[in-house]
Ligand SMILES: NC(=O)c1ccc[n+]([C@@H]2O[C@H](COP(=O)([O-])OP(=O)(O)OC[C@H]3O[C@@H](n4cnc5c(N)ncnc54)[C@H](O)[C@@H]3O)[C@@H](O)[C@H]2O)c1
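Given next, in C-alpha cells, is a single chain: the form predicted on its own.
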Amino acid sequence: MIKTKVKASRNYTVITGRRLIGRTGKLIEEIRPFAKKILIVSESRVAPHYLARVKASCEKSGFEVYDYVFEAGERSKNINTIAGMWGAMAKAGFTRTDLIVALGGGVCGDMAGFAAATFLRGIDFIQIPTSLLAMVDASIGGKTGIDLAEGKNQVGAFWQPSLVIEDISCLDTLPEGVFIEGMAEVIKYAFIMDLPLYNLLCENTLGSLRSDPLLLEKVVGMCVKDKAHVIENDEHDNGIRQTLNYGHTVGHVIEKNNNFRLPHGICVAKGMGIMIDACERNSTLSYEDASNMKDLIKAYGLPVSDEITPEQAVAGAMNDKKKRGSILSVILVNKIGHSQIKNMTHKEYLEFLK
C-alpha cells in the first residue's frame, strides 16, 4: 500500500493499494468522525460492481447512507445531473458536517466534487476512483465541474477532496478498452515530467501491466506522486499545473467534435500525437524522440493521429478554459521527461500546427 500526501488548500492523503473498498467506512470515520450522512454518487456501469459494498461498509461504521446513480458517460456531465444530487441531499437533510463519496470514473468525480463544492457553499467529499484514468489524474487535485454545449469543463470549481481511496483491485473488472484509455494519462506523465516512468513503460507491455498487481500499483503510485508534486506547486492552474494539459487542448476539441462519443483518453492520445508531429516539424523535438514517443503510445493500444484540421483545432481551442484573453497556453514536450508552457496567439498556434 502506498500513501501519498497532497499539500493544498486542504491537505489530504491518497491511499493506493488493494482490497480497500471494504474499508471505506472505517477510513472515512478516521478523518471525519463527526459526519452523520453520506451520499454515494456513482454511475450506471460502476454501481452494480461496488455500490453495495461501499454502502455496507459505511453503514457498518454508523453512517446514514444515501445513493445517487446517474447514466454513465460524458453526456450526463451537466447541470441537470448536479441538480439531482443537490435535491437528494436537501431532501435527506444534509448539513455542512455531512459528505459526498464519488464512486466511479473521472466524470463521476468531477460532478460529485462540483456538487460538494456548491451544496451549502461547500461540504466534504471523498474520491473512490474506479478507473485507471481517474486514479492517476482526475481524482487528485480538486478540479471539479461540468460541460456546456460550448465546451468541456466550462463550469466548475477548485474543491479539494478530503481523502482519495484508490483500490487497484477495481481495475481487475475494468474492460480492456477503458484500461487502455487510462494509459493515455499515464504516458502523459512520462512525457512531461517523469523519465523513470517512461523507461518503466518502455520496458513493459500492456499485458504485463494488467497481469502484475505490484507493477500496476507502482505505476499508479508514480503518477499520483507526480500529480501531487504539481498540485503542491500550483493548485489553481496558473503555472506548472498547465503542463498536465499536454495533448488535452487538441484532444478536447476532438472530443467535442465527436459529440463526446470518443473516450477522453483516446482523444488525449490523439492530441499528444498531433503535438509530437507539430514539434518535430517545427524542429523543437528530435526525430528520434518523436518516433519513440509515438511508438510508446501505439504500444499501449492508443492512436496518434486524427482527421481534425489545424483550423478546426485552433477554432475549438479559442473556447478552451486555459485561454487567457487572446493568448493560449500551449504545452510542448521538446525532450522526453521535460515540458514547456509556450504562450501563443491564435495565428501563432495555427502556424505551429500547420
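Here the rigid core means the biggest group of C-alpha atoms that line up within 1.5 Å when the two forms are laid on top of each other. Treat the numbers as computed from the prediction; the structure is a model and nothing was measured. Residue numbers here begin at 1 and follow the sequence given.
Not on display, but discussed next: the form predicted together with the named molecule.
- The closest heavy atom approach of Asp137 to the named molecule in the model of the complex falls within 4.5 Å.
- Using a 4.5 angstroms limit between non-hydrogen atoms, Asp306 is distant from the named molecule in the model of the complex.
- Put simply, Glu74 is close to the named molecule in the model of the complex: some heavy atom of it is within 4.5 Å.
- Contact check for Ser211: every heavy atom lies farther than 4.5 Å from the named molecule in the model of the complex.
- Taking the partner from elsewhere, no residue among Arg23, Ser57 and Asp67 has a non-hydrogen atom within 4.5 angstroms of the named molecule in the model of the complex.
- Of the candidate stretches 215 to 223, 99 to 107, 198 to 206, 268 to 276, only 99 to 107 has residues whose heavy atoms lie within 4.5 Å of the named molecule in the model of the complex.
- Checking Thr95, Asn80, Thr173, Ser283 against the named molecule in the model of the complex, a heavy atom within 4.5 Å turns up for just one residue: Thr173.
- This chain appears without its partner; in the model of the complex, the one residue of Leu296, Val46, Ala35, Ala317 with a heavy atom within 4.5 Å of the named molecule is Val46.
- The partner is not shown here, but in the model of the complex the stretch 116 to 136 reaches within 4.5 angstroms of the named molecule through a heavy atom at Thr130, Ser131, Leu133, Ala134.
- For Lys188, a C-alpha deviation below 2 angstroms is recorded between this form and the one not shown after rigid-core alignment.
- In the core-superposed comparison between this form and the one not shown, the C-alpha atom of Glu255 has shifted by at least 2 angstroms.
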